[in-house]
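In structure tokens, one chain follows: the form predicted on its own.
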């Protein structure tokens, strides 16, 4: 493993540099009223060029910027998920009314800064970079959650997000300081070598718990989920859709890299997978049970996202390459099924002001095409065959039952899958089995219309490519050198 200098690292950092240039361009255009309408197209072009640069970039295990980050295949995979999420959110944001036109430029810039921070999160190989990357994601997230400055709910969401986020970051930083005290270095590889011979399991347990507060907050893991429903409900709906996917992908990437680098050699002494298994069961159960009585669509989907985090943590409780593959496999399909459901919620909110489930009554007969794809997305989120959500859950449980370590967790996961059917099909019931003669059909913008269809179609057409995807994910992890 080679440490590259700052200058030599630049050629491997071109996608991030493209995002930086786009951020500067958007801020400059936003400050000049004549060029303000160009911020949307500039953001789109910048993200597309970043994707092209990412496509021609080659993964490497060499450490960039003298050991701060690594551009390996694991980072590349999660960067693609993050970039796809951000680009799709920006595309549909132009016609969305939840963010005022006068602040759209700042909104696009904040999305780009968060994307840059998430790119750093998935690549971080230094304790300082871990903290800086998480803060680069968190601070702009606080801003866009409250970007509708005249909306009381949006302001409240932002304030809660700041308070909870600052608390979680402080505790995580305390845990990182313990690691620095143990190793005398910020380099994760050096810290890992020191931890392998460190004999105080109590101290390392404290470090794991403190760090889980910060990482768990990012992915909405119980008991660090308390911000999620309030922020999701109060923030503009496009922001909610973005927060439900991209930061979670980055959070799982850093969780995988951190634990599989630092705590894998002393796993027999620490037994941290047992802690993850308990957290997984709690996260699934709390998310699903609290979702049962929700009437607000955004709050319901917030608790739904919490329950899916719990399901991905089921795989994380088993230490093996197959388990990490199943997390990545699940996250890939979760992106499509969750965003497609949120995009339908955006259409209903913008055109009908329908933020409550009761306000969806009868929409299935009025808007049959989009309603069909919404049902497909909900079926996938519930894990019903023959959707991608079902196959993703099967792979997670297959690895769990193969190891026979936490069979009780598999039972909890299956029970929670059954529970989730109830609240997902509350929406289906309102759409198809409740009458609403006052509902008039509203046009859907072409970008949003096709985003719903294309993203939702992945829940069925995945049959054509999932074996190749699974094989590619295995190769990605083998090439990282962590296994």
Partner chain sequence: MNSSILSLLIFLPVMGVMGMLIVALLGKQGLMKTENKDVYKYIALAVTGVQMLLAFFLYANFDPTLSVTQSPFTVQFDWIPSFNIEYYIGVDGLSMPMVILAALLSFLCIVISWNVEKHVLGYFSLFLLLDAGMMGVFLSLDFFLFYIFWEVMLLPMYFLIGMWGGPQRHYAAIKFFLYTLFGSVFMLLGMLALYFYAPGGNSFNLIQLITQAPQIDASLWGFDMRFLIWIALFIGFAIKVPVFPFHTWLPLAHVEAPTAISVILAGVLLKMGTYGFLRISYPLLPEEAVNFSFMMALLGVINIIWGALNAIAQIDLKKMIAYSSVSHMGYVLLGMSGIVGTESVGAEAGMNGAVMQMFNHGTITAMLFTLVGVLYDQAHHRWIVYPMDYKDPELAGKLGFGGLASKLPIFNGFIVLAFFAGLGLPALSGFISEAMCFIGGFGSFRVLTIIGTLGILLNAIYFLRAYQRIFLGPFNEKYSDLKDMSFRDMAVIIPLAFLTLLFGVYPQPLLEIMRHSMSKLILLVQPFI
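As the structure is a computational prediction, the values presented were derived from the model and not from experiment. Positions refer to the first chain, counted from 1.
Below, we turn to the form predicted in complex with the partner chain, even though it does not appear here.
Heavy atoms within 4.5 Å of the partner chain in the predicted bound form are found in exactly one of 382 to 390, 94 to 102, 80 to 88, 163 to 171, that being 382 to 390. Candidate site formed by 206, 264 and 272: none of these residues places a non-hydrogen atom within 4.5 angstroms of the partner chain in the predicted bound form.
Although the partner is absent from this view, residue 401 contacts the partner chain in the predicted bound form, with a non-hydrogen atom inside 4.5 angstroms. Remark: residue 56 does not count among the residues lining the partner chain in the predicted bound form, judged by a heavy atom distance of 4.5 Å or less. For residue 21, no non-hydrogen atom is located within 4.5 Å of the partner chain in the predicted bound form, even though that partner is not displayed. Mapping the unseen interface onto this chain, residue 116 falls outside it, with no heavy atom inside 4.5 Å of the partner chain in the predicted bound form. 418 is the sole member of 32, 441, 418, 41 with a non-hydrogen atom lying within 4.5 angstroms of the partner chain in the predicted bound form. This chain lacks the partner; the member of 142, 258, 395, 336 within 4.5 angstroms of the partner chain in the predicted bound form by a non-hydrogen atom is 395.
Annotation for 416 to 435: interface residues with the partner chain in the predicted bound form are 417, 418, 421, 422, 425, 428, 429, 432, 433, 434 [heavy atom within 4.5 Å].
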